[in-house]
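As a starting point, one isolated chain is supplied in structure tokens, in the form predicted on its own.
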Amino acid sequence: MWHSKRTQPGGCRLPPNRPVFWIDCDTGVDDALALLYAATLGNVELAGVSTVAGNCPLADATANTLAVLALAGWHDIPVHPGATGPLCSGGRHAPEVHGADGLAGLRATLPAPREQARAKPAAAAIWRACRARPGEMTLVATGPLTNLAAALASDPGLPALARQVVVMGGAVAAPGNVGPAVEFNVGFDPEAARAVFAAPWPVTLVPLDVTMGVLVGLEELRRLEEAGRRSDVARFSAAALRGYMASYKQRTGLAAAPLHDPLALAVAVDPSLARATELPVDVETRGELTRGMVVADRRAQRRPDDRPHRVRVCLEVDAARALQLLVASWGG
């Protein structure tokens, strides 16, 4: 399990090169599963979690996050609420996918958190965490990028302090999931995504092109339900995935659901899970049909109008290995 301190229980020092992570999430079902995957990792440190409106309103995202961390036994991880909506306008929540409470109706079944959310807002907490650990912090964003954009606006020097940013979002060659070419997280706040992609820090994008290839199906669900007889985490994971899969079956006809956010976190921990290509990336903010579309220039030659900072875009994934890793982390 990760610990938020520099020492493990008993006073043992953490390894000197132990990676440090901060997770920024709009905790719906797949964010919750990403957090539970994180709880099984012993080789990284979690400095904190921030929440943002997206899959559900901010109050639900924060309550869900605290409850999931309690389920994982993470009572000492600081949780900082952030933006209640996008920088400019728009942004529609997704109860049809994540349920009315954002957590497939399961929040009331989870343990009560021992701690409350912190008073310091997310943008300030992210900035302070990076400043306290310059060059160490990996920021993993599994929701809209409003908090990261706000942190950038408060300190344009932030990119020099962070080690890297890993973003679940966008669709490059794959179809969108909230429009023909628009993915939910980027579409919820296109201006924020544009600011994050343009900033001079290393960004890895984990788009629908790869997340739609990592599908949890009935066999994995059966294994989790069996494991749920012995494990609270497996039982919750199975129940959450059953509702999540039902929403996807209604929309796509498939008896399976993609593991968007868990894959992004898995790639942040183990980049070998996906093949990434450095590309100029921008976000459409004005198109009537394409607002929120990620535009990646896949032409081979460099051009005078290239953006100065390129994004590492994941376009291929070892789906079988990623699926096995994630389902096993939940007990299946």
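The first residue of the sequence shown is number 1, and the count goes up from there. A quick note: this is a predicted structure, and the numbers were derived from the prediction, not measured.
This protein has a second form, the form predicted in complex with a small molecule, left out of what is shown; the following refers to that one.
Using a 4.5 Å heavy atom cutoff, none of E220, A322 and W330 lies near the small molecule in the model of the complex. The stretch from 115-123, 152-160, 191-199, 254-262 that comes within 4.5 Å of the small molecule in the model of the complex, counting heavy atoms only, is 254-262. Mapping the unseen interface onto this chain, M168 counts among the residues with a heavy atom inside 4.5 Å of the small molecule in the model of the complex. Within this chain, N147 is remote from the site of the small molecule in the model of the complex, having no heavy atom within 4.5 Å. Although the partner is absent here, V79 is not a contact residue: none of its heavy atoms lies within 4.5 angstroms of the small molecule in the model of the complex.
Interface membership of N177, defined by any non-hydrogen atom within 4.5 Å of the small molecule in the model of the complex, is confirmed.
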